[in-house]
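First, one chain by itself in structure tokens, the form predicted on its own.
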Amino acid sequence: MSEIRLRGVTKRFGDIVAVDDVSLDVKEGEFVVLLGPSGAGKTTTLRLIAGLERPDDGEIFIDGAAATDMHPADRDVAFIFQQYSLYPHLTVFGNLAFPLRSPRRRVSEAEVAARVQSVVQMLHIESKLGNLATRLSGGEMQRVAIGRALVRQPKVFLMDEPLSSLDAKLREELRIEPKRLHRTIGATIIYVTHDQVEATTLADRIGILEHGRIVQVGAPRDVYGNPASLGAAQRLGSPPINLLPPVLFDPATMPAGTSTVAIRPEDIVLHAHDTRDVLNLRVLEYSPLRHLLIMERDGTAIVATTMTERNFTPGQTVGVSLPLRSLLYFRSDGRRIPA
């Protein structure tokens, strides 16, 4: 397996800057997830690494070698697309064997059979070897798509939202599959998603993309607890982080230039009774099954998570504290302000 390095990589499509001065180091054997909304530049970044797009500026290194001008076939990376792109006229065996039968590889049929058998055992699809691709379920097609990359034994796996076309139940069941494979074979994986649950479940590190730029890279817990920007703060967390106007707070407690104050729902402290010493909010909705309390103050909704056995009714007043140590401050441009 290999490391990947991007240095100042930029890609434009006409007037649109899809990837903007991106630098990223992915260590050998690391599982890195690129997380961001549609149009953030995630897929384009993968395509640049794979050689399917050429950067307008910057350099790409694979396993220490300059790869910016290298032909895609010479980069030894496997790209698993959002759509599985299996050959419908081939069986599962034929689809898995196809990349090994390329004239560039010159793999013997005995080696082809051995590699395919090893992969289907790893993916638990031995019984499907003779099935045509058109007779597979969505989950089976996803496993075959991953298997087709595995048989090549590439340096790097690039995965572009491989679970997004599955229904919610199946996506949840198969979410752990890429991580299990990572632990089994120690692969270097760069995985693209807009799903924060996938990102936090799978990643050793998460790279947050906004408008073609990587705004933060770190372990999921670090990005969640110490976001570098308002966008990064909003990208992780369910329910989402609360974004509050500065007027709710004592100006003496806030850094200069604060435009938005944020706090995680689990950091809000509920009091047994409303009191003058805390922030008093009106209850909008309470969901005891989800442990969610939705309140408001002057038109601003505030969500808290709570495990209390108390019952709350709409219109009721509840006293809450917003601990200073849990507050995050952001400028109008979304940049984090140190407390």
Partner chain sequence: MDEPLGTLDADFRELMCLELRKLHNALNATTVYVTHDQREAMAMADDIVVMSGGEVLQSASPHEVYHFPATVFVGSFIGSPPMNFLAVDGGVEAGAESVSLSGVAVSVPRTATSAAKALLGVRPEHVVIDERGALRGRVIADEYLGSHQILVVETALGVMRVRVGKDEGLVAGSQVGMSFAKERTLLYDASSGKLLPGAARQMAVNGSGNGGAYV
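All figures in this text were calculated on a predicted structure; none of them were measured in a lab. Rigid core here is just the name for the largest C-alpha set that superposes within 1.5 Å across the two forms. Numbering follows the first chain given and starts at 1.
Form predicted in complex with the partner chain: not shown, discussed below.
Peer 1: In terms of non-hydrogen atoms within 4.5 angstroms, which of the given stretches 121-129, 141-149, 253-261, 189-197 touches the partner chain in the predicted bound form?
Peer 2: Stretch 189-197 is the one.
Peer 1: Just to be sure I understand the contacts: of His291, Arg282, Lys27, Arg47, which is the one whose heavy atoms reach within 4.5 angstroms of the partner chain in the predicted bound form?
Peer 2: Result of the distance check: His291.
Peer 1: State the residue from Arg213, Arg205, His182, Arg171 whose non-hydrogen atoms include one within 4.5 Å of the partner chain in the predicted bound form.
Peer 2: For this set of options, the contacting one is Arg171.
Peer 1: Taking the partner chain as it sits in the predicted bound form, is Arg175 near enough to touch it, meaning that at least one heavy atom pair lies within 4.5 angstroms?
Peer 2: It does: once the partner chain is placed as it appears in the predicted bound form, Arg175 has a heavy atom within 4.5 Å of it.
Peer 1: Although the partner isn't part of this model, could you tell me whether Pro72 comes within 4.5 Å of the partner chain in the predicted bound form, counting any heavy atom of the residue?
Peer 2: Result no; Pro72 lies far from the partner chain in the predicted bound form.
Peer 1: Using the partner position in the predicted bound form, report whether Asp267 sits within 4.5 Å of the partner chain, counting heavy atoms only.
Peer 2: Yes, Asp267 sits close enough to the partner chain in the predicted bound form that at least one of its heavy atoms falls within 4.5 Å.
Peer 1: Looking in the predicted bound form, any heavy atom of Thr201 within 4.5 Å of the partner chain?
Peer 2: Output for Thr201 is yes: heavy atoms within 4.5 Å of the partner chain.
Peer 1: For the heavy atom contacts within 4.5 Å of the partner chain in the predicted bound form, list the residues of 232-265 involved, in sequence order.
Peer 2: Residues within 4.5 Å: Arg235, Ser238, Arg264.
Peer 1: Any chance the CA of Thr313 moves 2 angstroms or more between the shown form and the other one, core superposed?
Peer 2: No, because once the rigid core is superposed, the C-alpha of Thr313 moves less than 2 Å between the shown form and the other one.
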